[in-house]
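Take a look at this single chain in structure tokens; it is the form predicted on its own.
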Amino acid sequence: MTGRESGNRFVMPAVLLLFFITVYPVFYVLYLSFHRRLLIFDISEFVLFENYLFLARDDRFWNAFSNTMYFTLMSVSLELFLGLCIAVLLNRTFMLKGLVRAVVLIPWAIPTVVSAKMWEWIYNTDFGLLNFLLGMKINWLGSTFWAMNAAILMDVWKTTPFVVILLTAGLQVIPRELYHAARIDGAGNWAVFRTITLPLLKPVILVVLIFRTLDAFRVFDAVYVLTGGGPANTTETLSIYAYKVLFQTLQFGYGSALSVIVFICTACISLFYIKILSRGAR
């Protein structure tokens, strides 16, 4: 037996394990999406594309899709903007720099469910800290306008530190000589940022966008714990809608079709960013 054959035998169990925990569930969900399966009534029949045709006419699906897109666009944009500002500031030399970095990372270290419950108290209409500081009485989580924006604010607070970590790492590898040369040529702060920092940080920004866009598009626990998808489904994302269909109404066929759509959307987002990254690497 050659060394290559011997190595394959050791790798094969890991490959099979990965297949059963990643590839097999995907194909099984795809199989279920072509069926009408209701466990309560013991119904299981092959309906081909009927679930997908119903999904195209489902107003609640389009509402969840719209909510998901709004959440993703707003949260990722704000996280990238704030993360970039904080990373640039932390890249400077100042006293207690290490302590400030540790403080900035605290929100990211708190579990998502704990963060959501904490913000639920902050948003409380009668006893919440936010209304106390603003001197107002806003029903943040009961308003059809404020509820989604409140969830976005919580996600931005929770996840911006993750963006800061990656961008700070990217800033650390930019050669200092470039900044010194720009200063000698008389470049100002904005010119240095626009012509040196931003172009050299572009690959890291794209990696940040990949991670954050995918996470925001699949958001479930943060919004579900904070609002449960309400009020009036105004914060119901695609993942929450799929969860409710699958595990509250037990419609495994239609719920699987929803999951497949979420999977296709995330795959398209990944391919889009990978194409941009590969174009930048040439």
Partner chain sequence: MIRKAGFVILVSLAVIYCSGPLLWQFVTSLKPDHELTVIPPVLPLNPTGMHYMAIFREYPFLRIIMNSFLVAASTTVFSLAIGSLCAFALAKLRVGFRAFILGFILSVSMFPPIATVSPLYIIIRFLELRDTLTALIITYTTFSLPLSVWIMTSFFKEIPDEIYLAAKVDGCSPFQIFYRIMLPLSMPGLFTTAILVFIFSWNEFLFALTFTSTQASRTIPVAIALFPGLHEVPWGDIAAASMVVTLPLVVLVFVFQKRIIEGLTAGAIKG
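Positions refer to the first chain, counted from 1. In this text the structure is predicted, and so the values were computed from the model without any measurement. Between two forms, the rigid core is defined as the largest C-alpha subset superposing within 1.5 Å.
The protein also exists as the form predicted in complex with its partner chain; that form is not presented, and the subsequent description refers to it.
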property	result
Partner contact for residue 124 in the predicted bound form: its partner chain, 4.5 angstroms, heavy atom	yes
Any non-hydrogen atom of residue 4 within 4.5 angstroms of its partner chain in the predicted bound form	yes
Partner contact for residue 200 in the predicted bound form: its partner chain, 4.5 angstroms, heavy atom	no
Its partner chain contact in the predicted bound form: residue 144, any heavy atom under 4.5 Å	no
Listed residue (129, 80, 174, 138) with a non-hydrogen atom within 4.5 angstroms of its partner chain in the predicted bound form	129
Contact residue in the predicted bound form, chosen from 187, 196, 73, 105 - any heavy atom within 4.5 Å of its partner chain	105
Contact at 34, 134 and 206 by its partner chain in the predicted bound form, all three, heavy atom at most 4.5 Å	no
Per-stretch contact check against its partner chain in the predicted bound form, the hit in 22-30, 65-73, 227-235, 52-60 (non-hydrogen atom, 4.5 angstroms)	22-30
In the predicted bound form: members of 160-199 within 4.5 Å of its partner chain, any heavy atom	162, 165, 166, 169, 189
Threshold 2 Å Cα movement between this form and the one not shown for residue 268, core superposed	no
C-alpha of residue 20 moved at least 2 Å between this form and the one not shown on rigid core	no
